[in-house]
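Shown next are two forms of a single protein chain, provided one at a time as structure tokens under the names structure 1 and structure 2.
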Structure 1
């Protein structure tokens, strides 16, 4: 079985984020990037299937800042093949899906596992759009799966804690919400060894002209409010103060 896992780098949200001068994107000059959490889960699920059944895992990514490091980290974790798609600019999900589809069409695969969303994704639809361009079946928000022969059984999560089970034939695109196990940690030393022993294959994005998607017209930080008012005193004093404030606001 051949599994392809698209991965991407996203801004590390623990960092202090700043907006660029024209107000349409983050200031990326000193921005720290990290592997998208959901892509990490997709990669882990693929590697678990490799451990279980000897599947071949290919990590694929669009060219960008620090993406080589992310691909080598995937190799250090156990990915068998690394592919980088060149000639892509911007971060439109539709363009990314088209570029991915162009590259993947020349590969042998049974399952494509991508993260269900990312922190910098405006629509969270990479998996379904990729499936559309490839003409494959698709299931997203996957929290569990089993593969046998030419079919897969997947558990899809819905709201209110509901889970549905689907059986589908391959090839298929899956949007992974969570892997069966916590994504494995890989030490820096192992990543460095992977840099010396692994090769990143480069593939041109091809024609990615798409007539859909969205663009950012303005980004800004929320206005700072006046802050919270702390109410002290006894429980009775606090209750009376709350009633007074509610009355002032016309709430009865």
Structure 2
């Protein structure tokens, strides 16, 4: 079985996010990037399937900041092949998906799995858009799967813990919400070794001809704290104030 895992770097939300001078995007110069956490789950699920049944796992990504590191980290975790798509300028999901579809069309695959969403996919989630450019079927919010022969049983999560099960034939594209296991961790030393021992195959993006279909007029921070009355002081002061509040509201 061949599994392709599209991965992407996204801004680390633990860091302060700043807006650029024209107020339409993040100031990307100082951003600290990290792997989209749901892509990490997709990669983990693919690697678990490899552990179970010997699948070949290919990690694929668009060229961009820190992407080589992310691909080598995927290799260190167990990915067999690394592919980088070059020559994509826009950053919309539609463009990314079209470039991926162009690259993937020439590859052999049974299942494509990627993160269910990312923090910046304003024009939609990659998995479903990629699936439709490829003419494949798709299921999003996947929390489990069992593959056998040319078919796969997929568990999709609804709200309130309700899960729907589908039977699908491959090829299929899945938007992964959570892997069976917590994504594995690799130490930096192992990533460095992977960098020496593995190669990243570069593929040109080809004809894209699509865009986000909408244009951004403004990016702004929601009024953080606008709703909350902020309680200052030391932890001790704050706890006192909260105690007062709980007493006053009849909670304690």
Partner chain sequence: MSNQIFVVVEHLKGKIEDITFEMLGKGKEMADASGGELVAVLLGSGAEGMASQLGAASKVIYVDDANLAEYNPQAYCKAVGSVVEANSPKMVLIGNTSMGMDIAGGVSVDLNIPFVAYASGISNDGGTITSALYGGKMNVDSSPSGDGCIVSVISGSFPADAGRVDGSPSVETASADLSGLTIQFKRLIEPEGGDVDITQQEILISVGRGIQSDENLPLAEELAAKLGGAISCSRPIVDSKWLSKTRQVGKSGLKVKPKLYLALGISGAPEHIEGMKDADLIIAVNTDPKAPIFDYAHYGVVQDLFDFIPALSGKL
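For clarity, every value in this text was computed on a predicted model and none was experimentally measured. Residue numbers count along the first chain shown, from 1. Basically, rigid core = biggest C-alpha set you can superpose within 1.5 Å across the two forms.
Working note: structure 2 is the copy from the form predicted in complex with its partner chain; the remaining copy is not. With a cut-off of 2 Å and the rigid core superposed, residue 233 has a Cα displacement that reaches or exceeds the cut-off between structure 1 and structure 2. Once both forms are overlaid on the rigid core, the distance between the two CA positions of residue 15 between structure 1 and structure 2 is under 2 angstroms.
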